[in-house]
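Presented below, as structure tokens, is a lone chain in the form predicted alone.
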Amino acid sequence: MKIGVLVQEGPYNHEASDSAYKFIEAAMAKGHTIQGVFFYDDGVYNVASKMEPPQDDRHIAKRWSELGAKGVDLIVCVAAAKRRGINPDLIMPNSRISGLGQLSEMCTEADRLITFGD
């Protein structure tokens, strides 16, 4: 099954990011294809490169970047990013900035779209 994922909440304020990440890991382990992950609204903070969590906490942006290195397409909404002061130089490696057209394309290519956050 091809699955698209939409993340709409920031990395440390709710469980949406952690839940999305763990869902993707489980889906990939079961042999499903992740069509892409689209970060929208405050979800764009999940791949902010200036994130510096305490040493004993999980590094959510690094975790997403590592997932992108495995071939998962990580897409950051350009409009949401610009509203929050995030430009292409401020996102983690293995992610990219694009528009809502990418979300639309991901939805048409995926069998399911799973949304995390409001």
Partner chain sequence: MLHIVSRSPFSDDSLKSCVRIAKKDDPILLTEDAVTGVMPGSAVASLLQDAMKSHAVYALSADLKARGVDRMLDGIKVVDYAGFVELVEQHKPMTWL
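Numbering follows the first chain given and starts at 1. From a predicted model like this one, the values you see are computed outputs, not experimental measurements.
What follows is about the form predicted together with the partner chain, which we do not show.
Contact here is defined as any heavy atom lying within 4.5 Å of the partner chain in the predicted complex, and by that definition not a single one of Gln35, Arg58 and Ile60 is a contact residue. The stretch that touches the partner chain in the predicted complex, counting heavy atoms within 4.5 Å, is 26-34, out of 46-54, 85-93, 67-75, 26-34. In the predicted complex, at least one heavy atom of Ala16 sits within 4.5 Å of the partner chain. Using a 4.5 Å cut-off on any heavy atom, the residues of 82-118 that reach the partner chain in the predicted complex are, in sequence order, Arg112, Leu113, Ile114, Thr115, Phe116, Gly117, Asp118.
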